[in-house]
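Read the single chain below, which is given as C-alpha cells and is the form predicted alone.
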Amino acid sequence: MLGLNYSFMMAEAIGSKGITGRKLESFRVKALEAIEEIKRKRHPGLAFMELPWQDVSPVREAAQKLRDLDNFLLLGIGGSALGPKCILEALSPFHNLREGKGPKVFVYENVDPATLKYILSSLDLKKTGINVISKSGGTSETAASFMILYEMLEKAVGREAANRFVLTTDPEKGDLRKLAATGMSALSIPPGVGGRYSVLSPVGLLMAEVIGADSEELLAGAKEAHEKCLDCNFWENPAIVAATLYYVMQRDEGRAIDVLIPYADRLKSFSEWFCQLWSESLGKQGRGFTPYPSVGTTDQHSQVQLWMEGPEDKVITFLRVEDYEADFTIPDVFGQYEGMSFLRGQSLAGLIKAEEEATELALAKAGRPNMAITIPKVDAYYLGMLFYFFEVVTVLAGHFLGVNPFDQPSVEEGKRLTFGLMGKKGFEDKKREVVQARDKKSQFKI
C-alpha cells in the first residue's frame, strides 16, 4: 500500500503553523461519518468505486484489433484524455521511440488545428486506429475532430473506415452510442462514472492494453486502495487523514492552494490529472481548493522560492518513489572541481531522493506545511492505487466542504454559450448573450 507521512503538517514538528494532534482527533467522528456515507453508495457518482471489479475482456478484444495497426490516435478532452495520457506517460515513457511496444500513440485533446496538422503529418491514416472518447457522445471538441478524421479516413480506406474506430461512451444514450448501433465498435463507460473519475474504466484501460500494459494490474492496485481507503480505523486510513488535513489547513489556516509534486518524470501527467479532479470536483459555491501541478526536482529551481517565502496559502504534497527501476553511478571525473567532486561515486537515484527529502525539511523549517505520499515504484499496480486513492480523497474532501464532488454546473454554462456561438439549434438566446457581451468587451480595448 502507498504510505502517507504527514509529520510536517503537525504542530509537533513545525510549530504554530501546523495542526495539533488534538484538532485532528476532533475530526474523527465527522470523518468516519463520511466513510459510512461513501460505503452506502447512495450517490450515483460513486459508481467509480465498482470499476476495480469490472470484466476487462471487451477492452482487451478492442485493443488487440488496434495493436495490429501502426498508429493509435486518441480523441478526447478533459478526463477523457488526461487519464489515458497519464497511463501512457507513466507506463510507457517515450513510447513512440521504443521498438516492439505496439503502435505509435498520439493524443489529440484540444481543437487547436495546428496540433492536428502536425499529428496528421506524423502518421499514415491508412494504418491508424482511432479511439473516440465522450461519455455524453456530444462533446463539441471531440465531435469536431471525430467528424474531420472520419471523412479523412473514409477517403483513405473507403468502407473500411468505420472498422478503424472504437467509440468509448455511455452504454445507452448519446450520438456515439447511436453510431455504435450502426456497426462501429464501442466500449461502455458505466452510468454514473463521470469523466474525471473514469480513468479506471475503458477510458484509460484501452490505452493501457494498446501500449502493452496490464489493465488488470491497474485494477488490482485500485482494489487494494479500496480496502485501505474505506477502513474505519481513522488513524490507519491514509485517504481520510489526507482529506482531513487538506480541509483543516484551508478552513483554519487559509491554505487553499494544494501543490502536488511527484519526484518522477513519469508522474508529471499524474499531477495534471489530479488538477482536474480536485478543481472540477470541489470548486463550487465559493468553496474549494486550487490545485497546482509540479514536478521535482525541476520546480525546485522555479517554484520553491515562492513556496518558502511567498504567501502562506499552500500545502505541498510530495509524491515519492522508492525504486526507480534504473540507476546510474556518478563517475570519478572532474574531481578537481569543488562543485562536482562531492558527487563522485554517488547515484542519480540517491540524488533525486536527497533533493526531495531536503526540500521537505527546508519547507518544514520555514513553517510551511507539507506531507509525503510514497509508492514502491511506478507500475500499473501502484498507478491504479494512486488513481483510486486520490478519487476517494476528493469525495471525502467534498463531504467536508459540503459540496457535490460529482457535478460541474459552471462548466455546463460555457458549453451552452459555445453551442450558441456555433449555431446549435435551441441555443439562439446564448448567441445573443455572447454578442451583447462583445459590445461590453470593446469598451476597454486598446
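Heads up: residue numbers just count along the shown sequence, starting at 1. Computed from a predicted model, the values in this text were never measured in an experiment.
From this point on, the text means the form predicted together with a small molecule, which you will not see here.
Residue heavy atoms within 4.5 Å of the small molecule in the predicted bound form occur in exactly one stretch of 295 to 303, 275 to 283, 341 to 349, 233 to 241, and that stretch is 275 to 283. Just one of S136, S185, S188, T374 comes within 4.5 Å of the small molecule in the predicted bound form, counting any heavy atom, and that one is S136. Checking G78, G129, P103, G221 for any heavy atom within 4.5 Å of the small molecule in the predicted bound form turns up a single hit: G78. Not displayed here, the small molecule is approached by Q408 to within 4.5 Å at the level of heavy atoms in the predicted bound form. In the predicted bound form, none of the heavy atoms of H399 sits within 4.5 Å of a heavy atom of the small molecule. Remark: R196 counts among the residues lining the small molecule in the predicted bound form, judged by a heavy atom distance of 4.5 Å or less. Proximity of H43 to the small molecule in the predicted bound form: non-hydrogen atoms within 4.5 Å are absent; the residue sits far from the partner.
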